[in-house]
Each structure stands twice: as structure tokens, then as C-alpha cells.
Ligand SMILES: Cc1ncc(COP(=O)(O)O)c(C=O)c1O
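The chain below stands alone, shown as C-alpha cells; this is the form predicted alone.
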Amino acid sequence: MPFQLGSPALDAVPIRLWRRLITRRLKMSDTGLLSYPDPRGDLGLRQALAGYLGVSRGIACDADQIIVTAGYCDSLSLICRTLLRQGDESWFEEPGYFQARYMLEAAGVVLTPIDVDDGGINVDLGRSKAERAQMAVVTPTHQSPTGVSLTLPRRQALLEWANDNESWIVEDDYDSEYRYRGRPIPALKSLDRTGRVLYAGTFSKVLFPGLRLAYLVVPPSEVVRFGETLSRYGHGCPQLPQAALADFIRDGHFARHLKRMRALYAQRRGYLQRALQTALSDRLSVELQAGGMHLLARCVGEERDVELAERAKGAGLKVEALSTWFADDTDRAGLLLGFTNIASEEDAIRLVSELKRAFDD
């Protein structure tokens, strides 16, 4: 749907290349593709990921530390089963990714909302509210949904807290591949010297959601524990797409694809930004962050974002209300609008016109 969050540009997915890689793997007549998969993930894919993360995110890891999962929430479920017990407490960004909140609460984790400001999650506030929490779930590179980056002092403070309390940090490296200005920000995991950070990534947004492949990097000290959990509960992801994805990364297609998509998304973001400023500047104020796949537009005046979002959805526009991403009541109103599938300036103008009509109606 127009403005939908988390969906990559489906018109730019390299379908022909993907079909060719899948066909090549099938022609190899490798019976391993037909057997039960390794619950840790295809070894070739894990090796390719280790190389990619070392170069692109500054993460020094080997294939044994990487686990292939069926998505970010699957990674969170695996973490909960391995490292936490029912009733354990975790910091959670406020606002934060609601699907992760639902999953953690369903797993019996007690979430303590910690405010996010222009510097990211407020670590001092977290220590005052829940010093002894067993875990913190964060999106430091591009906070979900505000788009701010966690500052270096707060990164260091967060790592210090985890080390002091022997707590865990889950780093969801949300949208880290898409940064349109400034230098790339290294992953929080790259600063981890004591093995307290678990790094989670996914291919849903950089390739296509139907692939259903993600990955988790665990500290060396926890490889055995996670292996035991996988032996009890893990059934593994389908082998064929994993093998094709390993080829996609190893042959250089992944790096080239990301470079193309960064340029494309920077252009499409500009389309939406200009259309919003032209048609709705009296009602919405666009906050242009350094990266990401959506725009945050703050409501001007007394507009209620939930009401505006409902009107938009009634017109077939998948706009999200910022206030619904908060665990507690808030007066911070805004709209979240995805731009990745807006193909042209004319497309943006047309969709924003539809959005304005929905608001006026």
C-alpha cells in the first residue's frame, strides 16, 4: 500500500538475477539442499555474512557466531529462550518498534520504557528506572521510528552499564544500510569488548520480505548455549534460498545492490519531502534524518495523529501514527510515511494530494 513502512522498493528487486542464482543452485544437484537444514544456518551463508559484517559494519566475528533466523522477531525469540527467564526485565525504547514489544511481552519479558531524545535512548534514565535489568533492546544506528542515532557517549555508557551488570544488549541494526548524508556509523557491536552485545540484522528490507531470512551474531562465550537451544527448538530455515543468498553476497551482487538502492532511496525520499512541504506544510513538519526508509512528519497545532492516520487508511494509504509506537500515553503526535515505492515526482504529488483530501474529508 502507498506509504507502507518496512517495504523495500519492490520494482527494484533483482528478480532475474535471483532466479538465475536459484536455478544455478538447483542444477548443482546438491542433495544437501534436500535434507533437513542445519538449524544454525547454511555454512556458506554464515561465512559470507561474517566477511560482509567485518567490512561494512566493523564487526569482527566468525561463522560459528552467526545464526540464520526467519526474521527479527524470530531472533528475539531465540534470545529469550537462551538467555532470559520469565519475568526478567528489559529496557525498551520509547517510542519503539511495536512488533518487537508484542513479541517480548508474549515471551514473558517485563519491559521498562526508556525515553528516546535527540541523542537516542537515555541511558542515565534507564539506570535510574531499571539499573538491574537483564537486557536492553535498542536501534542505535537509526532509531525506530524517530530516525535519530545513538551518540558515542551514550553508546559507551550503554556498554558500561551492560558490563557492570552482566546484562545483554540486543542491537537491531535497523536500516543501517541506508544513510544519505555524513559518514556511515559503525555498529554498536563493533565497540563491544566484553561480549555483551547481540547483533541482529535482516534481509527483509534490503532484498525482499518474502525471503524470510535474518541473522543473529552472538558473543563467542554464548555459542554453545545458543547451539543447545537450537538443538531443542530450532528446525532451521529453507536451504535453497540460503545457498542462493550466499552466492549473492559472495559474488559482489549484494554490495552493488545496496549502492544502487541508496541512490534510488535518496531520490525517492526527496520526492516525498518536496510534495509534503508543498501541499501540507501547514499541517505537517518533516524531520529529515540522515538515513532510513521512511519520513517522520510531526503534526502542527492540535492535529491528532491517530485520527489523521485513520482517515488516510480509509483512503487506502498506509500511514502510521507516531503516538501508537509509545507504550505510555504521549502528546508527541506525528505521521510515519514510507517512501521506498514512490517511483516519481508525479507519483509523490498524486499520493500527497490523496493524503490531503483524506485529511480534509
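Computed from a predicted model, the values in this text were never measured in an experiment. Residue positions are given as counts along the sequence shown, with the first one as 1.
Here the subject shifts to the form predicted together with the named molecule, a form of this protein not shown in this document.
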{"property": "Residue stretch of 157 to 165, 211 to 219, 126 to 134, 246 to 254 approaching the named molecule in the predicted complex, non-hydrogen atom distance within 4.5 Å", "result": "211 to 219"}
{"property": "146, 178 and 289 all contacting the named molecule in the predicted complex, non-hydrogen atom within 4.5 Å", "result": "no"}
{"property": "Proximity to the named molecule in the predicted complex, single hit among 199, 97, 265, 226 (heavy atom within 4.5 Å)", "result": "97"}
{"property": "Contacting member of 122, 204, 285, 273, with respect to the named molecule in the predicted complex [4.5 Å, heavy atom]", "result": "204"}
{"property": "Any non-hydrogen atom of residue 71 within 4.5 angstroms of the named molecule in the predicted complex", "result": "yes"}
{"property": "Residue 172: touches the named molecule in the predicted complex, heavy atom cutoff 4.5 angstroms", "result": "yes"}
